[in-house]
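A single chain comes next, written as structure tokens; it is the form predicted alone.
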């Protein structure tokens, strides 16, 4: 039985906006789940319904066998970490951490012991006597995490807790959150629009779009086996190269041609017998999704020869921009090769890793 079960969860605002549409989701105890999607997709609204901060329009929320749909926030035994840290400026770090325990009528010695313990876990023992204004953004976020850990809630909710941090600190706190989850085993739901955060943290990712679940799966599934064109476009940096094409088999090779083009604009995907699942779709129009890292510089001139337009060094890898299938595509190659704009190079595509979608429904073929 699921530890947390959302059954047909629905939210309609008074102005008629449908924010969450009949959401069904089962979460196991101890999982780290990430709600991922663009702004306005319903992920934060769902989190707020779980916390009791938004009234549920329809459906139910069952946590550890108990229906909490209509319970007040304080009765749910759920902790929440906000984007803005939400630490009280007039309280010291110790007082911030211990305040929820004080509300639960816990005795002072027990509160002091708990505060000391979670502060040690979160690496903020030296700051217990300081006020939030004396802390950095990362330290304040650790205080918020320590406060959530102190109450030992059944469910921990995190609403984009890293978005106010700079890039370097965001990576550091992300690692900290993963370590804390591994040690505590707390069931956690984390909301973000940042796919790198989602992929680094999640046991499973819930991709949301338009108030609905687009796909649920592990990081590998979400990235490599996208169920929809939306997921393929949303996941990845740089994102997948997308193009509507007509697939054909010519001389035993699989060829993708740009639809609606009079000229010979095509991409050689390699031997047809090496990719039978793709070859079976020959003769029809499909939406082709090719991630930049599955394209490599080939050794056979004349096969997918392209002219490099832009070179973007990134340190460990380099992004090349070129026109492929009459569109601007990005190609990711390892290291810092000696390549310059204007150079013509042959490209090869790993056909076993491309994704094909129905152009009308956007679903995976």
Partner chain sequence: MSGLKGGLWSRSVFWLVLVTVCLMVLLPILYFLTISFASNYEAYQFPAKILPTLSYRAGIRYNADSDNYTLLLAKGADYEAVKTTSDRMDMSMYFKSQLNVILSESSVADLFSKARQTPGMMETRLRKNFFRNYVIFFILADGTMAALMNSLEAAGWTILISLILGGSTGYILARFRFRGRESFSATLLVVRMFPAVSLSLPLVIYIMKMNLYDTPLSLAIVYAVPNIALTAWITSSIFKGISVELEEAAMIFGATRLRMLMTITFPLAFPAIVASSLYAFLAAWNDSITALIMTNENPTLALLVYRTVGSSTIPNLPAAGAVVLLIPSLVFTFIIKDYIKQLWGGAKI
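Residue numbers count along the first chain shown, from 1. Predicted model, so just to flag it, every value in this text is computed and none were measured.
One more form of this protein, predicted together with the partner chain, exists but is not displayed; see below.
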Could you work out which of 211, 100, 217, 292 is the residue within 4.5 angstroms of the partner chain in the model of the complex, going by heavy atoms? 100
Could you check which residue among 104, 182, 168, 107 gets a heavy atom within 4.5 Å of the partner chain in the model of the complex? 104
Report yes if all three of 51, 79 and 148 come within 4.5 Å of the partner chain in the model of the complex by some heavy atom, otherwise no. yes
Given a 4.5 Å cut-off on heavy atoms, tell me which of 184-192, 219-227, 140-148, 270-278 is the interface stretch with the partner chain in the model of the complex. 140-148
Check whether residue 87 has any heavy atom within 4.5 Å of a heavy atom of the partner chain in the model of the complex, and answer yes or no. yes
Residue-level contact is defined here as any heavy atom of the residue lying within 4.5 Å of the partner chain in the model of the complex; does residue 233 satisfy this criterion? no
Looking at the partner-bound form in the model of the complex, is residue 74 within 4.5 Å of the partner chain by any heavy atom? yes
Residue 136 near the partner chain in the model of the complex, any heavy atom under 4.5 Å? no
